[in-house]
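Coming up is one lone chain in C-alpha cells, specifically the form predicted alone.
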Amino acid sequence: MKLSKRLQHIEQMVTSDYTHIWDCCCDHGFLGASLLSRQAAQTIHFVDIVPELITTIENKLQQFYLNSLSDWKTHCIDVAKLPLKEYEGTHLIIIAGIGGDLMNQFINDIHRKHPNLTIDFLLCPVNNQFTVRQKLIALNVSLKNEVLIEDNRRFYEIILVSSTSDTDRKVSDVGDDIWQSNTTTKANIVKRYLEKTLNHYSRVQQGSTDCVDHIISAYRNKV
C-alpha cells in the first residue's frame, strides 16, 4: 500500500495524541490504514457513505489488523452524522478528496451538532479553497498548520485547524504559510499555484455575474 504524495502529507500532519481519528470519505481506506499502522490514535474510524467500500475495508481490516494495538471501527454513514458524542476524548476529523462546497456543509453540520466537543479538522479540498477558508474564519477556529503541495500536476492546500483556541493564529482568507518558500522547488510551486488561481478567478469574473473582485485582490496581494 503506497500513499499518494497528497495522502502522505496529510498523514504526516497528524502529530497530536488523539483519542479518535475519523478518516472521512475514506475511499479505499489507505490513509486510515497508515494511521492505524503507526497507532496514531486509540481508535481509527473509517467513514464512507458507499456500502461496497466499507464492506471491502472491513474485510481487509479483519484480515490484516485484527490484532492491531490501536482499535478500529467502520461507519457507513454521511459525514455530517458522525456519532462523536458516543466516543469520549479528543477527535481529529480528516476530510479530503471532495469539493469545498460539500466540505463546508460537513464542517458546518459537525460544528453545529457538537459545539462543545474538542475537535480538530484536517482538510484538503479539491477546489473552492477560498470558500472553505471563509467558513473556517466564520467559525473562529484556530490555525495549527497549513501547507501547499503539488501532486500529479494538481495543487492542494492542506489545512489543520482546531475548534479550541489553543493557538493565537487564525485562518486567513488565502493563507499565509502556504506562500512561504525556502527552496527553489517550493518557490516554483507557489508561483505556479498563484498564477493558476488568479487565472481561474479571472475566468470566473468574465463568465459570471458573481463578484469575485475581492478574491482576486486577496490573491494579488500575495504577488
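Keep in mind that this is a model prediction, so the values were computed, not measured. The first residue of the sequence shown is number 1, and the count goes up from there.
Only in words, not in the display: the form predicted in complex with a small molecule, which the text now covers.
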Triplet Leu7, Cys25 and Ala96 all within 4.5 Å of the small molecule in the predicted bound form via a heavy atom | yes
Given 43-51, 188-196, 172-180, 62-70, the stretch touching the small molecule in the predicted bound form at heavy atoms within 4.5 Å is 43-51
Pick from Leu148, Ile107, Val79, Leu143: which has a non-hydrogen atom within 4.5 Å of the small molecule in the predicted bound form?
-> Val79
Considering only heavy atoms, tell me if Ile137 and the small molecule come within 4.5 Å of each other in the predicted bound form.
-> no
Look up in the predicted bound form whether Leu102 has a non-hydrogen atom within 4.5 angstroms of the small molecule, and give yes or no.
-> yes
